[in-house]
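Just the one chain here, the form predicted alone, laid out as structure tokens.
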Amino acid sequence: MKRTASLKFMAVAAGLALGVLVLFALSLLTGAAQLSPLEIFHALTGHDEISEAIALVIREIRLPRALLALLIGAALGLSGAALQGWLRNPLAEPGLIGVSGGAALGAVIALYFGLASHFAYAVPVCGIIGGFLAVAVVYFLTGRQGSPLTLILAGVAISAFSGALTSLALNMSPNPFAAMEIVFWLMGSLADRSMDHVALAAPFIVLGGGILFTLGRSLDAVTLGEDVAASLGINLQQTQFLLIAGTALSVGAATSVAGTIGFVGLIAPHVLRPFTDGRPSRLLLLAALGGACLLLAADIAVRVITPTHEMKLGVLTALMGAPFFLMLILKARQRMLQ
């Protein structure tokens, strides 16, 4: 039985990894300029025969976009799986602890005060700072002995406060163009991102993801109950701190460069949970790969569905995620009534 479950897990992981590679290649192929796979390969490898214009399109426009979709999707999926395992709640997602709202508020402050006009990367830098400050406040409110319920309540409070301040910035903005820029950024998008954005976000996402991957054994133990986990030698306070830190690093950096992209951290873990044999440690890898696949596919879709006036990525993920979220609620309600 265990061998069958392990084989199923490895098969699904291999399939998702292949899906990431295929979707990454499709992302490089998708765009207004019709380019062949050979031209893309030559542009990536620095072949002398390729024109400068094609090399610019691939290296400075499509490649950063594909890399960010992969990294951000993996970060959201992994964080969602870790939070769902720790809170033992399949409806948990990365925005639950306030990091997305804090990062969004930081970026909005940079736009509101015009910092982006003086420093090109003021928006992502302020976004990262905002995410860290929000999580620091959540951790302070939760305390070292805080329970998962306290973490949820603190995260909801900070998310609501960050959302209120963001709305205040929109309401008080004296410049309608700045307000429009804030609204468009909040919708979430990977358009017009460069390799500098990748270089800024990637270290935080990789570090945060690495921290979350170390929590597999602890999350497996927590499924048996906190008392049992403690008796097995799991330091619950340390696990919660690492969970918050890993989520802050990865999701904060992701939100700072792409805006608010919701529901990926909810959908990917839930869809892939049946292939994990009930072990959160296995879900971490599958959710990271699944989140990358989901966001790569969504970013390709926004370019194909609306090529002339591109739909915002966050809008598409919300259109997919909201019905999925309602379906989960209805299923939970049916189980309660049985």
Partner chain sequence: MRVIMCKIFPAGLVRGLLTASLLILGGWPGVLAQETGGAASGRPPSLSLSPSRIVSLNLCTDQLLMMLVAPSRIAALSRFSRQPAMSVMARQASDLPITSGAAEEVFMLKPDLILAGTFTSRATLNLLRRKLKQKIIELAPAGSFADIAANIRRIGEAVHEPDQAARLIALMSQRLKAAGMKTTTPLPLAALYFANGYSSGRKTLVDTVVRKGGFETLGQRLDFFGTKKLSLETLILSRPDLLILGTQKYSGEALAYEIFRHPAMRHLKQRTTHIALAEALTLCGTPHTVRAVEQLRQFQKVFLSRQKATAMGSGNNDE
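Positions refer to the first chain, counted from 1. None of these values were measured; they are calculated from a predicted model.
Unshown form predicted in complex with its partner chain; subsequent notes refer to it.
Query - Heavy atom within 4.5 Å of its partner chain in the model of the complex - residue from 111, 96, 229, 126 - result: Only one listed residue qualifies here, and that residue is 111.
Report task. With its partner chain left out of view, choose which of 26, 61, 44, 311 has a non-hydrogen atom within 4.5 angstroms of it in the model of the complex. Result -> Spelling it out, the residue with a heavy atom inside the cut-off is 61.
Requested in this report: From the candidate stretches 128 to 136, 206 to 214, 173 to 181, 82 to 90, select the single one in contact with its partner chain in the model of the complex, where contact means a heavy atom within 4.5 Å.
Outcome: Looking at the other structure, the answer is 173 to 181.
Query raised in the report: Within a 4.5 Å heavy atom cut-off, is residue 185 in contact with its partner chain in the model of the complex?
Result: Residue-level check for residue 185: yes, a contact with its partner chain.
Requested in this report: Using a 4.5 Å heavy atom cut-off, state whether residue 220 contacts its partner chain in the model of the complex.
Outcome: Although its partner chain is absent here, residue 220 would stay clear of it in the model of the complex, with no heavy atoms inside 4.5 Å.
Requested in this report: Flag residue 51 as yes or no: does it have a non-hydrogen atom within 4.5 angstroms of any non-hydrogen atom of its partner chain in the model of the complex?
Outcome: It does: once its partner chain is placed as it appears in the model of the complex, residue 51 has a heavy atom within 4.5 Å of it.
Query raised in the report: Counting only non-hydrogen atoms and a 4.5 angstroms cut-off, does residue 57 reach its partner chain in the model of the complex?
Result: Although its partner chain is absent here, residue 57 would touch it in the model of the complex, with heavy atoms inside 4.5 Å.
Report task. Quick one: name the residues from 239 to 270 with any non-hydrogen atom within 4.5 angstroms of its partner chain in the model of the complex. Result -> Contacts from 239 to 270: none.
Query raised in the report: By 3 Å or more, the Cα spacing of residue 310 and residue 120 differs in the model of the complex; is it closer or farther than in this view?
Result: So the answer is farther.
**Report entry** Cα separation of residue 170 and residue 196 in the model of the complex versus here, shift of 3 Å or more
**Finding:** Closer together, by at least 3 Å.
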